[in-house]
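One chain follows as structure tokens, the form predicted on its own.
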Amino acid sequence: MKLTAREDRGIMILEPKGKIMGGPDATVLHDKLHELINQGKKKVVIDLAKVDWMNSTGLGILISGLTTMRNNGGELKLCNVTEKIQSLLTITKLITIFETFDTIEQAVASFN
């Protein structure tokens, strides 16, 4: 998995690309979220448009990220959730935990 980050109107947008399946991927996203918190950036959108697949470990990484942000007074939202990942979120009932949006713009606007 590759991870790029950019800022839009004070909201950090993380764009993972590839598969989120644990191992080194777990620490990449985890470390990035902690880095953002340390910088005082507590509004994060994860754009899943370029994520091919995610397993249960990948879901755990997202849950951990959400918990980390909320425990530090922040929020994490998802956008561009693919059909495969949408069905994973639905089956695991995590769709009720995460706020999801169709586009980056909608997710960013939801913080205001």
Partner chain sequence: MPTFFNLKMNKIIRKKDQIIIPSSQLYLTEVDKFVEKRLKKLGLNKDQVADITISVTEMVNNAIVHGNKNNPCKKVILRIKAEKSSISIEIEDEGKGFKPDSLPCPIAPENLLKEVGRGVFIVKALMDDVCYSFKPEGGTICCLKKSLKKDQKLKR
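Numbering follows the first chain given and starts at 1. This one's a predicted model, so the numbers in the text were calculated from it and none came from an experiment.
There is another form of the same protein, the form predicted together with its partner chain; it is not shown, and what comes next is about it.
Among heavy atoms of Leu59, some come within 4.5 Å of its partner chain in the predicted complex. The shortest heavy atom separation between Arg9 and its partner chain in the predicted complex exceeds 4.5 Å. In the predicted complex, its partner chain stays beyond 4.5 Å of every heavy atom belonging to Val44. Residue contact with its partner chain in the predicted complex: Lys19 places a heavy atom within 4.5 Å of it. For the three marked residues, Ser64, Leu88 and Thr92, a heavy atom of each sits within 4.5 Å of its partner chain in the predicted complex.
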